[in-house]
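Given as structure tokens, the chain that follows is alone and in the form predicted alone.
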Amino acid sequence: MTQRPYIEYSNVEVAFNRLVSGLKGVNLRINRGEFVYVVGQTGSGKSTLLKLLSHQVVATGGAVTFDGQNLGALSIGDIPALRRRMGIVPQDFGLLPRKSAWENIAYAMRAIGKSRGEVRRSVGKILESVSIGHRADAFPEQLSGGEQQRLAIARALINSPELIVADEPTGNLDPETSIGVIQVLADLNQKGVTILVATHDAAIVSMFPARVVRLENGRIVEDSAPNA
């Protein structure tokens, strides 16, 4: 029996208006537990492809399914539950500047209904999982770029997600710091978390080989396995 794909894009189109398209006839299958890089130039459709999964963008043609669920059939009320199943790491860190690292995670947990007890028990472990437990009391402006990105990843882990979607997580970081951030994601993948990373950082892709899906002008032009 053929394994049902965890994520599937079937002839997906995203048209922003009559003249501008984000994706054009995209067909892609991703299995549970994969690590996939989505690469391409700015404007190629990388972010659009990822945002379809969190319903930040809606397909105007074709279908996107996540764990067997047709995302195009979701109501507005279904979207929060969908997003709680995934960790979303945006292009900008999106941290709360007047809250410490510990408070950033605690605030996010309380916002989704976690109890104060759950917060107290979990925040330290989450920060340790991305190797910034020792910076729990620091405010975002006191953190390096790499530490801020790790904190953004930590925030994405509050629901123990089965999927992490990271949009250019190393875009503003130096090469050495970028390695540490991708290592965090690779370690999570080793624990069974499915990872999708949109990036234009060729050095990272070569240092941490994984499946590569390349986009050009909204179309997939390459889909290669590691070391293929």
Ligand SMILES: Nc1ncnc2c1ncn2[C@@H]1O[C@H](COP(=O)(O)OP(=O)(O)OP(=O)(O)O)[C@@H](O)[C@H]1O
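One rule holds for the numbers: they count along the sequence shown, beginning at 1. The structure presented is a predicted model; accordingly, all values stated were derived computationally and were not measured.
Although it is not shown, the form predicted in complex with the ligand is what the next lines describe.
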property	result
Of S122, S129, Q142, Q91, the one that lies within 4.5 Å of the ligand in the model of the complex (heavy atoms)	Q91
4.5 Å heavy atom contact, G180 to the ligand in the model of the complex	no
Partner proximity in the model of the complex: T42 to the ligand, non-hydrogen atom cutoff 4.5 Å	yes
R29: touches the ligand in the model of the complex, heavy atom cutoff 4.5 angstroms	no
Contact of D201 with the ligand in the model of the complex (heavy atom, 4.5 Å)	no
Location of the ligand contact in the model of the complex, chosen stretch of 186-194, 44-52, 58-66, 29-37 [non-hydrogen atom, 4.5 Å]	44-52
Residues within 4.5 Å of the ligand in the model of the complex, restricted to 5-31 and counted by heavy atom	F16, V20, S21, G22
